[in-house]
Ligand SMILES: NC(=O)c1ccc[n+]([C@@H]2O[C@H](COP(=O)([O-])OP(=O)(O)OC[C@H]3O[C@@H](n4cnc5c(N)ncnc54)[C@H](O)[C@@H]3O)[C@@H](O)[C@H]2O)c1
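Take a look at this single chain in structure tokens; it is the form predicted alone.
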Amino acid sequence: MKISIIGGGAWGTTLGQTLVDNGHEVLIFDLNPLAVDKINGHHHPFFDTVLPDAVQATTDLRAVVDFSNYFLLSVPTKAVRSACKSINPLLKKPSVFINVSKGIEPDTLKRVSEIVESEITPDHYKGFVVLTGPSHAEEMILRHLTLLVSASNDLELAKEVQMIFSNDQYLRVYTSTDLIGCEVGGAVKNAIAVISGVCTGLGLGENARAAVITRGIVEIVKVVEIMGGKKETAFGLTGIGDLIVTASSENSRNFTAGKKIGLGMPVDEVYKSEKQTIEGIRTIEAMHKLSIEHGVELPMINVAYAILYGGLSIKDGLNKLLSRDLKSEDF
């Protein structure tokens, strides 16, 4: 099968290697000619690894659109809408969109599936799948064992993507029909990972990190239910699984961004220091807006928003959380 990849970053290029490992043909589109040259020179643009010869890239969007009607979207959430606007007029037949970014659009509170469906005209749209779960590109590029979830409103399409990506060497993919729950879990865990990183930067210890992860699941469940997903999904690979790997690892750019903030680095400097997208900070903004619109209590996310956007000091933010009314942990 031929698969077009939009975005030749850390994850898009890594998944290109996986697809080639599985016997598929891939062509990667990226705006950055230096990244394209590296890929075509059989080197990963972010990691010190050699790529299979069959992983090819180009800056020619039309060539990538003509290559296939299966599109793996591996661009930051903030770039999904513009990418779809560029792709749509070039499409010639109904296409499948497989998204691997994890975020919510702050202005509209739309999930990526909703953004794609709103920008791709119906005659060009065949279906949408999110491929998500606990996964660091740094490990997948080395073919380390990873489990993911292929989620779609169309179970047969989810199964098709499951078969495309699964192999018996290092990648096992499960399916889900809870598209909302899987998308939301993957997005909100990035926000919690930033908060976990802040705690680590402050030197609060492992007890604090465990507390952030556990109470973070509560906030993820609230958002999943508000947005129409199943709360049970938050306790699987796309919720607690993804949160564990993201909220406690130096390989997580959301965790390391939070750690830098905890160490005192200004947010604009954090952005400058990271080559890859920090989805969690943007998701904090989106979730704060959702909290206000739906009147739902998201204590950690709202305090994080006040710190990042409202000038609240980290010390005062921590005090605000700890001085909340005492309550039961009964669920």
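Since this is a predicted model, take the numbers as computed values, not measurements. Don't overthink the numbering: it's just position in the shown sequence, from 1.
The next section is about a form of this same protein that is not shown, the form predicted in complex with this ligand.
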item	value
Residue 83 within 4.5 Å of this ligand in the predicted complex, heavy atoms	yes
Any non-hydrogen atom of residue 19 within 4.5 angstroms of this ligand in the predicted complex	no
Residue 302 within 4.5 Å of this ligand in the predicted complex, heavy atoms	no
Residue 208 within 4.5 Å of this ligand in the predicted complex, heavy atoms	no
Candidate site 219, 229 and 288: all three near this ligand in the predicted complex by heavy atom within 4.5 Å	no
Location of this ligand contact in the predicted complex, chosen stretch of 208-216, 192-200, 176-184, 136-144 [non-hydrogen atom, 4.5 Å]	136-144
Option touching this ligand, based on a heavy atom within 4.5 Å in the predicted complex, out of 152, 256, 233, 101	101
Residues within 4.5 Å of this ligand in the predicted complex, restricted to 11-39 and counted by heavy atom	11, 12, 29, 30, 31, 32
